[in-house]
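Laid out below as C-alpha coordinates are two forms of one and the same protein chain, each shown alone and named structure 1 and structure 2.
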Structure 1
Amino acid sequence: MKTAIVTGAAGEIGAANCRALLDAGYQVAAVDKDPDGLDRLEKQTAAAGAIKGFVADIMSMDSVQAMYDDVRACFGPAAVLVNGAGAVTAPSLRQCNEADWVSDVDLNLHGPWRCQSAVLDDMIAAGNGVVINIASINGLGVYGYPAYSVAKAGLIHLTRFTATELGRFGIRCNAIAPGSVMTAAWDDRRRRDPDLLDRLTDWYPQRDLCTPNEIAALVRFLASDSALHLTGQVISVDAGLSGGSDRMVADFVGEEF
(Lines of atoms letter the chains of each structure in order from A and count residues from 1; the text may use other names and numbers.)
(Lines give C-alpha, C1' and ligand atoms only; values in the text may rest on other atoms or scores of the structure.)
Protein backbone atom coordinates (compact mmCIF):
# COMPACT_ATOMS: atom_id res chain seq x y z
CA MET A 1 0.00 0.00 0.00
CA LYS A 2 1.20 3.47 -0.80
CA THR A 3 1.40 6.11 1.90
CA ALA A 4 -0.46 9.41 1.86
CA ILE A 5 0.16 12.21 4.35
CA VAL A 6 -2.72 14.60 5.03
CA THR A 7 -2.11 17.70 7.14
CA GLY A 8 -4.94 19.50 8.88
CA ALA A 9 -6.49 16.05 9.20
CA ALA A 10 -8.56 16.79 12.30
CA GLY A 11 -10.61 19.44 10.47
CA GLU A 12 -13.67 18.64 8.38
CA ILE A 13 -11.94 19.05 5.02
CA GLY A 14 -8.86 17.18 6.23
CA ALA A 15 -10.96 14.30 7.57
CA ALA A 16 -12.79 14.07 4.25
CA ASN A 17 -9.44 13.98 2.44
CA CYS A 18 -8.31 11.13 4.70
CA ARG A 19 -11.47 9.12 4.02
CA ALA A 20 -11.18 9.64 0.26
CA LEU A 21 -7.58 8.41 0.20
CA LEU A 22 -8.42 5.46 2.43
CA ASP A 23 -11.17 4.54 -0.03
CA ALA A 24 -8.59 4.79 -2.84
CA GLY A 25 -6.42 2.19 -1.11
CA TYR A 26 -3.79 4.36 0.54
CA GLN A 27 -2.55 3.96 4.07
CA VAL A 28 -3.02 7.42 5.56
CA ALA A 29 -0.84 9.36 7.97
CA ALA A 30 -3.24 11.92 9.44
CA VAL A 31 -1.30 14.94 10.69
CA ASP A 32 -2.58 17.69 12.96
CA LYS A 33 -1.57 19.63 16.06
CA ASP A 34 -4.80 18.52 17.79
CA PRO A 35 -4.30 15.07 19.37
CA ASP A 36 -7.92 14.78 20.50
CA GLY A 37 -9.14 15.50 16.99
CA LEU A 38 -6.80 12.86 15.60
CA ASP A 39 -8.07 10.33 18.13
CA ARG A 40 -11.65 10.98 17.02
CA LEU A 41 -10.66 10.66 13.37
CA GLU A 42 -8.89 7.34 13.97
CA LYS A 43 -11.96 5.92 15.74
CA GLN A 44 -14.31 7.15 13.00
CA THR A 45 -12.24 5.77 10.13
CA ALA A 46 -10.52 2.71 11.59
CA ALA A 47 -12.78 0.31 9.69
CA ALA A 48 -12.01 2.03 6.38
CA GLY A 49 -8.35 1.02 6.24
CA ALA A 50 -4.92 1.77 7.62
CA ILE A 51 -4.88 5.18 9.26
CA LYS A 52 -2.80 6.59 12.09
CA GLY A 53 -2.63 10.04 13.63
CA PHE A 54 0.65 11.93 13.97
CA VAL A 55 0.81 15.10 16.06
CA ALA A 56 2.96 17.83 14.53
CA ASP A 57 3.28 21.60 14.35
CA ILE A 58 3.94 22.50 10.73
CA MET A 59 5.27 25.90 11.87
CA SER A 60 8.39 24.05 13.08
CA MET A 61 10.76 22.24 10.72
CA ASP A 62 12.00 20.07 13.59
CA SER A 63 8.43 18.99 14.34
CA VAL A 64 7.69 18.29 10.68
CA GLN A 65 10.85 16.24 10.26
CA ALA A 66 10.18 14.27 13.44
CA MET A 67 6.65 13.57 12.20
CA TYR A 68 7.91 12.35 8.83
CA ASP A 69 10.51 10.13 10.49
CA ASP A 70 7.69 8.52 12.48
CA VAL A 71 5.50 8.15 9.37
CA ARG A 72 8.36 6.48 7.50
CA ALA A 73 8.96 4.07 10.37
CA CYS A 74 5.27 3.20 10.54
CA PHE A 75 4.12 3.21 6.91
CA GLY A 76 7.15 3.80 4.70
CA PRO A 77 7.96 6.79 2.46
CA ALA A 78 5.22 9.15 1.31
CA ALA A 79 3.80 8.79 -2.18
CA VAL A 80 1.20 11.54 -1.70
CA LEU A 81 1.27 14.71 0.38
CA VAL A 82 -1.88 16.75 0.90
CA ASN A 83 -1.07 20.13 2.44
CA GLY A 84 -4.39 20.98 4.05
CA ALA A 85 -3.52 22.66 7.35
CA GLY A 86 -4.38 26.35 7.48
CA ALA A 87 -6.10 29.12 9.40
CA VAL A 88 -6.87 32.84 9.27
CA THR A 89 -6.47 35.77 11.65
CA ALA A 90 -7.26 39.41 10.83
CA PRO A 91 -9.97 40.08 8.21
CA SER A 92 -8.56 43.42 6.95
CA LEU A 93 -5.26 45.26 6.54
CA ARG A 94 -6.25 47.84 9.13
CA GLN A 95 -6.88 45.14 11.71
CA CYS A 96 -3.78 43.10 10.85
CA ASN A 97 -0.79 43.49 13.16
CA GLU A 98 2.69 42.05 12.69
CA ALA A 99 1.95 38.93 14.74
CA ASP A 100 -1.13 38.18 12.62
CA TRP A 101 0.78 38.68 9.39
CA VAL A 102 3.73 36.52 10.41
CA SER A 103 1.48 33.77 11.79
CA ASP A 104 -0.73 33.54 8.70
CA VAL A 105 2.18 33.47 6.26
CA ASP A 106 4.14 30.98 8.35
CA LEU A 107 1.24 28.56 8.73
CA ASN A 108 -0.32 28.81 5.28
CA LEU A 109 2.82 29.12 3.12
CA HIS A 110 5.92 28.13 5.05
CA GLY A 111 4.13 25.16 6.62
CA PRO A 112 3.34 23.46 3.30
CA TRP A 113 6.88 24.19 2.12
CA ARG A 114 8.28 22.49 5.24
CA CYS A 115 6.11 19.40 4.71
CA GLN A 116 7.05 19.23 1.03
CA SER A 117 10.72 19.62 1.87
CA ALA A 118 10.54 16.69 4.27
CA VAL A 119 9.17 14.24 1.67
CA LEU A 120 10.89 15.36 -1.53
CA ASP A 121 14.03 13.24 -1.26
CA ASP A 122 11.95 10.07 -0.99
CA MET A 123 9.72 11.09 -3.89
CA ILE A 124 12.72 11.88 -6.07
CA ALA A 125 14.33 8.54 -5.15
CA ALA A 126 11.09 6.72 -6.03
CA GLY A 127 10.79 8.55 -9.35
CA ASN A 128 7.22 9.61 -8.59
CA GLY A 129 5.12 11.47 -6.08
CA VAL A 130 2.09 13.71 -5.76
CA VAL A 131 1.80 16.97 -3.85
CA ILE A 132 -1.66 18.51 -3.50
CA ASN A 133 -1.90 21.95 -1.94
CA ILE A 134 -5.20 23.15 -0.54
CA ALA A 135 -5.02 26.81 -1.51
CA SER A 136 -8.03 29.15 -1.68
CA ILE A 137 -9.78 31.52 -4.05
CA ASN A 138 -8.38 34.12 -1.62
CA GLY A 139 -5.10 33.48 -3.39
CA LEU A 140 -6.73 34.46 -6.70
CA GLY A 141 -8.70 37.57 -5.72
CA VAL A 142 -9.60 39.91 -2.89
CA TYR A 143 -12.08 38.32 -0.49
CA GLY A 144 -10.77 39.54 2.86
CA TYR A 145 -8.08 38.21 5.22
CA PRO A 146 -5.02 39.82 3.62
CA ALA A 147 -2.18 37.86 5.22
CA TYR A 148 -3.95 34.55 4.62
CA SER A 149 -4.68 35.59 1.03
CA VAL A 150 -1.07 36.59 0.35
CA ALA A 151 0.09 33.27 1.79
CA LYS A 152 -2.34 31.33 -0.41
CA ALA A 153 -1.19 33.28 -3.47
CA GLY A 154 2.34 32.26 -2.54
CA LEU A 155 1.22 28.65 -2.13
CA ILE A 156 -0.23 28.73 -5.64
CA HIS A 157 3.10 29.92 -7.01
CA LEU A 158 4.95 27.29 -4.96
CA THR A 159 2.67 24.75 -6.63
CA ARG A 160 3.70 25.93 -10.10
CA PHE A 161 7.36 26.13 -9.15
CA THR A 162 7.32 22.59 -7.74
CA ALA A 163 5.59 21.20 -10.82
CA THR A 164 8.02 22.94 -13.15
CA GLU A 165 11.26 22.09 -11.37
CA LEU A 166 10.44 18.58 -10.19
CA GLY A 167 8.37 17.23 -13.07
CA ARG A 168 11.40 15.54 -14.55
CA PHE A 169 11.64 13.46 -11.35
CA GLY A 170 8.10 12.18 -11.81
CA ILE A 171 6.60 14.50 -9.21
CA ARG A 172 3.23 16.13 -9.88
CA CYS A 173 2.00 19.14 -7.93
CA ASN A 174 -1.41 20.79 -8.15
CA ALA A 175 -3.47 23.17 -6.04
CA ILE A 176 -7.14 23.16 -5.17
CA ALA A 177 -8.65 26.60 -4.54
CA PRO A 178 -11.94 26.22 -2.66
CA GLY A 179 -14.40 29.03 -2.19
CA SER A 180 -16.49 29.07 0.95
CA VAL A 181 -16.96 25.50 2.17
CA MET A 182 -19.97 24.35 4.15
CA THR A 183 -18.42 23.35 7.48
CA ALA A 184 -19.15 23.85 11.16
CA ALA A 185 -16.86 26.90 11.06
CA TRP A 186 -19.91 28.88 9.95
CA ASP A 187 -22.12 27.74 12.85
CA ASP A 188 -21.30 30.50 15.31
CA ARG A 189 -21.81 33.27 12.74
CA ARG A 190 -25.05 31.67 11.56
CA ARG A 191 -26.39 31.62 15.10
CA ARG A 192 -25.70 35.33 15.39
CA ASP A 193 -26.85 36.08 11.85
CA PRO A 194 -29.47 33.58 10.57
CA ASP A 195 -29.55 35.17 7.09
CA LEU A 196 -25.80 34.93 6.59
CA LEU A 197 -25.74 31.99 4.18
CA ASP A 198 -28.53 33.42 2.04
CA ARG A 199 -26.53 36.62 1.55
CA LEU A 200 -23.28 34.76 1.07
CA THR A 201 -24.52 32.28 -1.52
CA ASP A 202 -26.17 35.10 -3.48
CA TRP A 203 -22.67 36.10 -4.62
CA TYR A 204 -22.01 32.64 -6.07
CA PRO A 205 -23.32 32.00 -9.59
CA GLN A 206 -24.55 28.56 -8.52
CA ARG A 207 -26.13 30.02 -5.34
CA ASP A 208 -24.54 27.28 -3.28
CA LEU A 209 -21.40 26.35 -1.34
CA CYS A 210 -19.24 23.31 -1.86
CA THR A 211 -18.78 20.60 0.76
CA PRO A 212 -15.67 18.93 2.21
CA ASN A 213 -16.50 15.76 0.28
CA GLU A 214 -16.30 17.66 -3.02
CA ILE A 215 -12.80 18.85 -2.14
CA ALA A 216 -11.88 15.30 -1.12
CA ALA A 217 -13.17 13.84 -4.38
CA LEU A 218 -10.82 16.13 -6.28
CA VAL A 219 -7.94 15.19 -3.96
CA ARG A 220 -8.59 11.53 -4.75
CA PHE A 221 -8.61 12.23 -8.49
CA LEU A 222 -5.41 14.29 -8.40
CA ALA A 223 -3.66 11.54 -6.45
CA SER A 224 -4.67 8.92 -9.02
CA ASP A 225 -3.13 7.81 -12.30
CA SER A 226 -6.14 9.35 -14.03
CA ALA A 227 -4.41 12.69 -13.43
CA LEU A 228 -1.02 11.42 -14.59
CA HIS A 229 -0.25 14.43 -16.80
CA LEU A 230 -2.11 17.04 -14.80
CA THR A 231 0.43 19.17 -12.96
CA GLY A 232 1.11 22.82 -12.14
CA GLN A 233 -2.62 23.57 -12.17
CA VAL A 234 -4.89 25.52 -9.84
CA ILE A 235 -8.42 24.13 -9.80
CA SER A 236 -11.11 26.30 -8.22
CA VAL A 237 -14.01 24.57 -6.49
CA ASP A 238 -16.12 27.61 -5.74
CA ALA A 239 -19.56 27.39 -7.35
CA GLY A 240 -18.35 29.81 -10.01
CA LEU A 241 -17.28 32.74 -7.81
CA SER A 242 -13.77 33.13 -9.23
CA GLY A 243 -15.19 33.08 -12.75
CA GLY A 244 -17.35 36.13 -12.15
CA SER A 245 -20.47 37.44 -10.45
CA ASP A 246 -23.75 37.64 -12.33
CA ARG A 247 -24.93 40.15 -9.72
CA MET A 248 -22.07 42.47 -10.61
CA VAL A 249 -22.61 42.06 -14.34
CA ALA A 250 -26.29 42.89 -13.94
CA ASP A 251 -25.35 46.20 -12.28
CA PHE A 252 -22.81 46.99 -15.01
CA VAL A 253 -25.16 46.32 -17.91
CA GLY A 254 -28.14 47.88 -16.15
CA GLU A 255 -30.59 45.07 -16.79
CA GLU A 256 -31.34 41.44 -16.05
CA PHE A 257 -28.35 39.29 -16.94
Structure 2
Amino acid sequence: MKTAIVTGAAGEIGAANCRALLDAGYQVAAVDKDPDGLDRLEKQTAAAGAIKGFVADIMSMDSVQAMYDDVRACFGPAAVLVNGAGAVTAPSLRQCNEADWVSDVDLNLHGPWRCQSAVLDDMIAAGNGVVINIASINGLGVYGYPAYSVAKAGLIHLTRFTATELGRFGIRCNAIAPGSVMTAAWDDRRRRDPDLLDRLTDWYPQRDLCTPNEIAALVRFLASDSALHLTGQVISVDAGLSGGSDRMVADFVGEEF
Protein backbone atom coordinates (compact mmCIF):
# COMPACT_ATOMS: atom_id res chain seq x y z
CA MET A 1 0.00 0.00 0.00
CA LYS A 2 1.24 3.50 -0.81
CA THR A 3 1.28 6.18 1.85
CA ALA A 4 -0.64 9.46 1.66
CA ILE A 5 -0.17 12.29 4.16
CA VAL A 6 -3.15 14.60 4.64
CA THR A 7 -2.73 17.75 6.76
CA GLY A 8 -5.67 19.53 8.35
CA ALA A 9 -7.18 16.04 8.68
CA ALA A 10 -9.32 16.91 11.72
CA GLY A 11 -11.29 19.46 9.66
CA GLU A 12 -14.15 18.44 7.37
CA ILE A 13 -12.26 18.96 4.12
CA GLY A 14 -9.24 17.12 5.51
CA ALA A 15 -11.37 14.23 6.79
CA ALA A 16 -13.07 13.92 3.38
CA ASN A 17 -9.63 13.89 1.73
CA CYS A 18 -8.53 11.09 4.10
CA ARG A 19 -11.62 9.00 3.28
CA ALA A 20 -11.21 9.51 -0.48
CA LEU A 21 -7.58 8.38 -0.39
CA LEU A 22 -8.43 5.39 1.84
CA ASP A 23 -11.06 4.40 -0.75
CA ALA A 24 -8.40 4.71 -3.44
CA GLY A 25 -6.26 2.16 -1.57
CA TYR A 26 -3.75 4.35 0.25
CA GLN A 27 -2.74 4.04 3.88
CA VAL A 28 -3.36 7.49 5.26
CA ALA A 29 -1.33 9.49 7.76
CA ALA A 30 -3.86 12.00 9.10
CA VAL A 31 -1.97 15.07 10.37
CA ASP A 32 -3.37 17.86 12.51
CA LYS A 33 -2.49 19.93 15.57
CA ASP A 34 -5.79 18.84 17.18
CA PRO A 35 -5.34 15.41 18.87
CA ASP A 36 -9.03 15.07 19.84
CA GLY A 37 -10.10 15.71 16.26
CA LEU A 38 -7.69 13.05 15.03
CA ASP A 39 -9.05 10.56 17.62
CA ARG A 40 -12.59 11.23 16.40
CA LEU A 41 -11.52 10.78 12.77
CA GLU A 42 -9.79 7.46 13.50
CA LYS A 43 -12.87 6.17 15.37
CA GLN A 44 -15.33 7.32 12.69
CA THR A 45 -13.34 5.87 9.80
CA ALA A 46 -14.10 2.25 9.06
CA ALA A 47 -10.58 1.38 7.93
CA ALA A 48 -8.79 0.31 11.09
CA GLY A 49 -5.04 0.09 10.54
CA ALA A 50 -5.03 1.98 7.25
CA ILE A 51 -5.51 5.40 8.87
CA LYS A 52 -3.51 6.77 11.76
CA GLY A 53 -3.43 10.20 13.34
CA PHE A 54 -0.14 12.10 13.75
CA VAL A 55 -0.20 15.28 15.84
CA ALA A 56 1.99 18.04 14.38
CA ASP A 57 2.12 21.80 14.11
CA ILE A 58 2.95 22.76 10.53
CA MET A 59 4.19 26.14 11.80
CA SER A 60 7.30 24.38 13.14
CA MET A 61 9.84 22.58 10.95
CA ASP A 62 10.94 20.44 13.92
CA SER A 63 7.36 19.31 14.47
CA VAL A 64 6.84 18.57 10.76
CA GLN A 65 10.12 16.62 10.57
CA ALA A 66 9.29 14.61 13.72
CA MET A 67 5.85 13.84 12.24
CA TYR A 68 7.37 12.63 8.97
CA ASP A 69 9.94 10.47 10.82
CA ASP A 70 7.00 8.82 12.65
CA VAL A 71 4.96 8.40 9.45
CA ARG A 72 7.95 6.81 7.69
CA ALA A 73 8.55 4.41 10.59
CA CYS A 74 4.86 3.45 10.70
CA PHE A 75 3.77 3.46 7.03
CA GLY A 76 6.89 4.05 4.89
CA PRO A 77 7.75 7.02 2.66
CA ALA A 78 5.04 9.33 1.36
CA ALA A 79 3.78 8.90 -2.21
CA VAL A 80 1.13 11.63 -1.85
CA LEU A 81 1.02 14.80 0.25
CA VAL A 82 -2.20 16.81 0.57
CA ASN A 83 -1.53 20.19 2.17
CA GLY A 84 -4.90 21.12 3.69
CA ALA A 85 -4.19 22.65 7.11
CA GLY A 86 -5.04 26.34 7.02
CA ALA A 87 -6.99 29.14 8.70
CA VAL A 88 -7.75 32.86 8.50
CA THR A 89 -7.31 35.75 10.93
CA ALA A 90 -7.94 39.40 9.99
CA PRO A 91 -10.77 40.06 7.49
CA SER A 92 -9.39 43.32 6.00
CA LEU A 93 -6.16 45.28 5.60
CA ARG A 94 -7.24 47.89 8.14
CA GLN A 95 -7.92 45.20 10.75
CA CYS A 96 -4.74 43.24 10.06
CA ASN A 97 -1.86 43.74 12.51
CA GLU A 98 1.65 42.39 12.18
CA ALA A 99 0.93 39.27 14.25
CA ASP A 100 -2.07 38.38 12.03
CA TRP A 101 -0.05 38.95 8.86
CA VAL A 102 2.90 36.86 10.01
CA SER A 103 0.79 34.00 11.34
CA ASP A 104 -1.48 33.75 8.26
CA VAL A 105 1.48 33.66 5.90
CA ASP A 106 3.37 31.22 8.14
CA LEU A 107 0.45 28.81 8.45
CA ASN A 108 -0.97 28.96 4.91
CA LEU A 109 2.23 29.29 2.86
CA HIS A 110 5.27 28.33 4.92
CA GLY A 111 3.40 25.39 6.50
CA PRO A 112 2.77 23.61 3.16
CA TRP A 113 6.36 24.40 2.12
CA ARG A 114 7.64 22.76 5.34
CA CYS A 115 5.55 19.62 4.74
CA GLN A 116 6.65 19.43 1.12
CA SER A 117 10.29 19.91 2.12
CA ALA A 118 10.06 16.99 4.54
CA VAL A 119 8.81 14.51 1.92
CA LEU A 120 10.55 15.63 -1.29
CA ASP A 121 13.81 13.66 -0.90
CA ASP A 122 11.83 10.42 -0.62
CA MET A 123 9.66 11.31 -3.62
CA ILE A 124 12.73 12.17 -5.71
CA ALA A 125 14.41 8.90 -4.65
CA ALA A 126 11.26 6.97 -5.64
CA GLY A 127 11.06 8.78 -8.99
CA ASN A 128 7.45 9.76 -8.37
CA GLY A 129 5.23 11.62 -5.96
CA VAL A 130 2.17 13.83 -5.90
CA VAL A 131 1.68 17.07 -3.96
CA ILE A 132 -1.81 18.59 -3.81
CA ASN A 133 -2.21 22.02 -2.24
CA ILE A 134 -5.60 23.14 -0.97
CA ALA A 135 -5.47 26.82 -1.95
CA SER A 136 -8.57 29.01 -2.25
CA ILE A 137 -10.36 31.36 -4.62
CA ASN A 138 -8.89 33.97 -2.23
CA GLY A 139 -5.55 33.18 -3.87
CA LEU A 140 -6.98 34.11 -7.27
CA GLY A 141 -8.98 37.27 -6.54
CA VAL A 142 -9.86 39.69 -3.77
CA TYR A 143 -12.58 38.35 -1.45
CA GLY A 144 -11.36 39.62 1.95
CA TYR A 145 -8.80 38.18 4.39
CA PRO A 146 -5.69 39.81 2.88
CA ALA A 147 -2.87 37.96 4.65
CA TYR A 148 -4.57 34.58 4.11
CA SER A 149 -5.21 35.47 0.47
CA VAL A 150 -1.63 36.57 -0.18
CA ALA A 151 -0.45 33.31 1.38
CA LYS A 152 -2.82 31.25 -0.81
CA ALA A 153 -1.63 33.17 -3.91
CA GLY A 154 1.91 32.28 -2.84
CA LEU A 155 0.85 28.66 -2.41
CA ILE A 156 -0.45 28.64 -5.99
CA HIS A 157 2.91 29.93 -7.20
CA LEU A 158 4.77 27.39 -5.04
CA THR A 159 2.62 24.78 -6.82
CA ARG A 160 3.92 25.98 -10.20
CA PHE A 161 7.51 26.04 -8.95
CA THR A 162 7.28 22.51 -7.59
CA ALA A 163 5.72 21.17 -10.78
CA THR A 164 8.26 22.95 -12.98
CA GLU A 165 11.47 22.32 -11.05
CA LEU A 166 10.67 18.77 -9.97
CA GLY A 167 8.68 17.41 -12.91
CA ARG A 168 11.81 15.73 -14.25
CA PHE A 169 12.01 13.66 -11.05
CA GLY A 170 8.48 12.31 -11.57
CA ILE A 171 6.83 14.70 -9.12
CA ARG A 172 3.48 16.28 -9.92
CA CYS A 173 2.01 19.21 -8.04
CA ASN A 174 -1.40 20.86 -8.40
CA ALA A 175 -3.55 23.24 -6.40
CA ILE A 176 -7.29 23.14 -5.75
CA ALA A 177 -8.99 26.51 -5.21
CA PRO A 178 -12.32 25.97 -3.44
CA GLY A 179 -14.98 28.64 -3.12
CA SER A 180 -16.86 28.82 0.19
CA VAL A 181 -17.34 25.40 1.81
CA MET A 182 -19.54 25.36 4.92
CA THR A 183 -17.17 23.66 7.38
CA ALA A 184 -16.54 24.34 11.06
CA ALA A 185 -14.26 27.19 9.94
CA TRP A 186 -17.46 29.19 9.31
CA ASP A 187 -19.22 28.32 12.59
CA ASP A 188 -18.39 31.53 14.49
CA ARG A 189 -19.41 33.81 11.65
CA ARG A 190 -22.63 31.90 11.03
CA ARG A 191 -23.53 32.10 14.73
CA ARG A 192 -23.05 35.88 14.62
CA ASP A 193 -24.77 36.28 11.23
CA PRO A 194 -27.45 33.61 10.63
CA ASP A 195 -28.28 34.90 7.09
CA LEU A 196 -24.67 34.73 5.93
CA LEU A 197 -25.05 31.44 4.07
CA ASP A 198 -27.98 32.69 1.96
CA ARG A 199 -26.30 36.00 1.10
CA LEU A 200 -23.01 34.34 0.19
CA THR A 201 -24.66 31.66 -1.92
CA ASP A 202 -26.37 34.35 -3.97
CA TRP A 203 -22.99 35.54 -5.33
CA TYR A 204 -22.19 32.16 -6.87
CA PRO A 205 -23.43 31.68 -10.46
CA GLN A 206 -24.72 28.19 -9.59
CA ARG A 207 -26.48 29.59 -6.46
CA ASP A 208 -24.92 26.75 -4.50
CA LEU A 209 -21.74 25.97 -2.57
CA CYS A 210 -19.40 23.05 -3.00
CA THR A 211 -18.99 20.37 -0.35
CA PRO A 212 -15.92 18.73 1.24
CA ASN A 213 -16.64 15.53 -0.73
CA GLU A 214 -16.33 17.41 -4.04
CA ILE A 215 -12.89 18.67 -3.03
CA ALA A 216 -11.97 15.15 -1.95
CA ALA A 217 -13.12 13.65 -5.27
CA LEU A 218 -10.73 15.99 -7.07
CA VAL A 219 -7.93 15.12 -4.64
CA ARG A 220 -8.48 11.44 -5.43
CA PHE A 221 -8.37 12.12 -9.17
CA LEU A 222 -5.25 14.32 -8.97
CA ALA A 223 -3.47 11.64 -6.91
CA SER A 224 -4.27 8.96 -9.48
CA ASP A 225 -2.53 7.93 -12.68
CA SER A 226 -5.52 9.31 -14.61
CA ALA A 227 -3.91 12.70 -13.94
CA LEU A 228 -0.42 11.55 -15.01
CA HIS A 229 0.29 14.62 -17.13
CA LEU A 230 -1.76 17.11 -15.17
CA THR A 231 0.68 19.24 -13.20
CA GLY A 232 1.40 22.86 -12.29
CA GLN A 233 -2.32 23.74 -12.43
CA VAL A 234 -4.80 25.43 -10.15
CA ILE A 235 -8.33 24.03 -10.43
CA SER A 236 -11.21 26.03 -8.96
CA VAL A 237 -14.18 24.23 -7.42
CA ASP A 238 -16.31 27.28 -6.80
CA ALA A 239 -19.80 27.02 -8.33
CA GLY A 240 -18.67 29.37 -11.11
CA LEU A 241 -17.46 32.31 -9.01
CA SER A 242 -14.01 32.70 -10.57
CA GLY A 243 -15.52 32.44 -14.07
CA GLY A 244 -17.49 35.64 -13.74
CA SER A 245 -20.39 37.38 -12.04
CA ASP A 246 -23.86 36.89 -13.51
CA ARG A 247 -25.12 39.54 -11.07
CA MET A 248 -22.77 42.04 -12.70
CA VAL A 249 -23.64 40.82 -16.20
CA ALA A 250 -27.29 41.56 -15.41
CA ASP A 251 -26.34 45.19 -14.71
CA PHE A 252 -24.11 45.39 -17.79
CA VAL A 253 -26.61 44.07 -20.30
CA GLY A 254 -29.48 45.83 -18.60
CA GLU A 255 -32.16 43.30 -19.44
CA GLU A 256 -33.31 39.82 -18.49
CA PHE A 257 -30.77 37.43 -19.96
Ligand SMILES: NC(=O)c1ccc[n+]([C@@H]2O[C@H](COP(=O)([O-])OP(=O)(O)OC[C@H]3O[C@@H](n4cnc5c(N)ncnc54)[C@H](O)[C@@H]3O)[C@@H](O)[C@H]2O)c1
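The first residue in the sequence of structure 1 is number 1, and each one after it adds one. The structure displayed is predicted, hence computed values, not measured ones. For the two forms, the rigid core is made up of the largest set of C-alpha atoms that agree within 1.5 Å on superposition.
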| item | value |
| --- | --- |
| Label of the structure corresponding to the form predicted on its own | 1 |
| Cα displacement of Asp57 between structure 1 and structure 2 reaching 2 Å, rigid core superposed | no |
| Shift of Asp193 between structure 1 and structure 2 at or above 2 Å (CA, core fit) | yes |
